[in-house]
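One chain follows as structure tokens, the form predicted on its own.
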């Protein structure tokens, strides 16, 4: 007996409950993501200043980007931020997660302490670290002076060669707790029997970590890395609170430069083009990392 072909109408009636459940999320996604994204793409092709009527200028804003030296400086700072700001918190977070995983007493207390900076507002974190870096009464300079290293004391946020790394240290401090909690959760799925077998075979602690533990949490590591990389290209708040891109553009990032062009200099069209640069860079970095990760899994 032949079955009647499934028509689109019949298929819809069969799965209509699922469509209705998905529809609210789809509408929210369209309103708060698709529409703003398409609007930004259009604005990036105009010379709108936020007040006057929009004039369509095509790709001239993107051509202007290529010749903008400050855009390239900001991009270089973003790359430094992504590299250091990804490796450092994940490495520190993984170390702390492994230490907590080893049946450490007070795991919940330590995880709570590590995670506290994550739930704090970036503005609060920026204010706290602004006090720490203060050249007159800041804790860091006072500590260096107390231990006899007063020669290292300086205006950490006021010097061009230290400002970016000082802000980056504050951001790493805030993000480490997220890495600890997520990686600690991933470690709960590690097969202890494999670790015991490796120990019996004579593998030392580093070999067990590298060849037994890491492969079992690679998917969690991938998720944390992608999240951190995307955040590195979009970071704005803590930099804006601490330095506003200064001194002398030493901490200028694509996001802070976008804000300056869009809202301080009223070049909304050009600022939208800069925001597209952030989007493309974050998307490209994520795709490249995922491709490398998937090829590594295929070789395994």
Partner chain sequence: MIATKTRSKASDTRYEMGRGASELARYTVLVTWGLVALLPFVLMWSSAFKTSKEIYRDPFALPASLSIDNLVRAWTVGRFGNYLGNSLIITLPTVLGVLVLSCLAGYGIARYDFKGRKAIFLLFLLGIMVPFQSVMIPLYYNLRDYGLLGTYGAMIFPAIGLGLPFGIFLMQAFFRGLPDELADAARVDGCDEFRTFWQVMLPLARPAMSTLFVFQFMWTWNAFLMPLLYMQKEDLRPLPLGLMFFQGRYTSDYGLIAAGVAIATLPVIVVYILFQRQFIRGLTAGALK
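Heads up, when I say rigid core I mean the largest set of C-alphas that superpose within 1.5 Å between the two forms. Just so you know, these numbers come straight off a predicted model, no measurement behind them. Numbering follows the first chain given and starts at 1.
There is another form of this protein, the form predicted in complex with its partner chain, and it is not shown here; the text below is about that form.
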Using 4.5 Å between non-hydrogen atoms, is residue 165 touching its partner chain in the predicted complex? no
Check residue 36 for me: does it contact its partner chain in the predicted complex (non-hydrogen atoms, 4.5 angstroms)? yes
Within a 4.5 Å heavy atom cut-off, is residue 96 in contact with its partner chain in the predicted complex? yes
Taking 4.5 angstroms as the cut-off for heavy atoms, does residue 200 touch its partner chain in the predicted complex? yes
Taking its partner chain in the predicted complex and a 4.5 Å non-hydrogen atom cutoff, the residues of 19-41 making contact are 19, 21, 22, 24, 25, 26, 28, 29, 31, 32, 33, 34, 35, 36, 37, 39, 40
Align on the rigid core first; then say whether the Cα of residue 248 has moved by at least 2 Å between the shown form and the other one. no
Please say whether, between the shown form and the other one, the C-alpha of residue 277 moves by 2 Å or more once the core is aligned. no
